[in-house]
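Only one chain is given next, in structure tokens, and it is the form predicted alone.
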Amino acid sequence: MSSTTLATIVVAMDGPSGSGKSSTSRGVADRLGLRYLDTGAMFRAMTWFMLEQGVDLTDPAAIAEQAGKPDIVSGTDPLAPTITVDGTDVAEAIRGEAVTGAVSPVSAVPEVRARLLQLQRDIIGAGGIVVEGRDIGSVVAPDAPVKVYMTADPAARAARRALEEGGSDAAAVEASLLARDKIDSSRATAPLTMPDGAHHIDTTPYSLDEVIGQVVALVEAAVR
């Protein structure tokens, strides 16, 4: 008999941008009554702070020096996730072009990852949460009972992200996503990789509801 329950479950959702992690993670959390954490938003919030402070983002040491300063608070309601930096609501600002273009070099700094890793683990706590990112199953919560690694065809990923961004050029978005993949997969600290024991889901041929259903089934199997 498994000792894992919905109250203690940790669902680790990893994969590249545009693979459907966010929509799936929120849908799974909502369907099962779990909390939700978007770790990517935390890195974006840190990047927003660095830009606001005028930090030289080509200088890892300058980024590292500031990494411990901002108070980043993430809400865990899957239907209304929030994020603030020093009390300022940055949920919309962190999705802008400036942050999107700068988040990879900030995320690659070990001191940033260490700071946010501690915050992420504090939020995860005893469980009852779906956590999405790029290193959840490999670094943040390697003992998670359910690990999912989501991918999708690059064109499909680009189309989804372009739609999210209000009709951006899909070809340009695809080039940006592939460049981000290269940076995230090759960084020295916590690179994007498929975690050991993860269930691989290629979301390209499935609807969002179908993907949510697949992950819910994995969770339900883990808590039986």
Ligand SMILES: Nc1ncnc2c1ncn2[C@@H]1O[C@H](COP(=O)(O)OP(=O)(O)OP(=O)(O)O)[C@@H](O)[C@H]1O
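All residue numbers refer to positions in the sequence shown, first residue = 1. Computed from a predicted model, the values in this text were never measured in an experiment.
Separately, the form predicted in complex with the named molecule exists; it is not shown, and the next lines address it.
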Open or blocked: the named molecule, posed as in the model of the complex, superposed onto this form via site C-alphas, with 3 or more ligand atoms within 2.4 Å of backbone or C-beta counting as blocked?
open
Does the trio Ser17, Glu164 and Ser207 actually contact the named molecule in the model of the complex, every residue with a heavy atom within 4.5 Å?
yes
Which is the contacting stretch out of 52-60, 27-35, 66-74, 153-161, given heavy atoms within 4.5 Å of the named molecule in the model of the complex?
153-161
I'd like to know if Gln214 sits close to the named molecule in the model of the complex, meaning any non-hydrogen atom pair within 4.5 angstroms.
no
In sequence order, which positions of 131-154 have a non-hydrogen atom within 4.5 Å of the named molecule in the model of the complex?
Glu132, Arg134
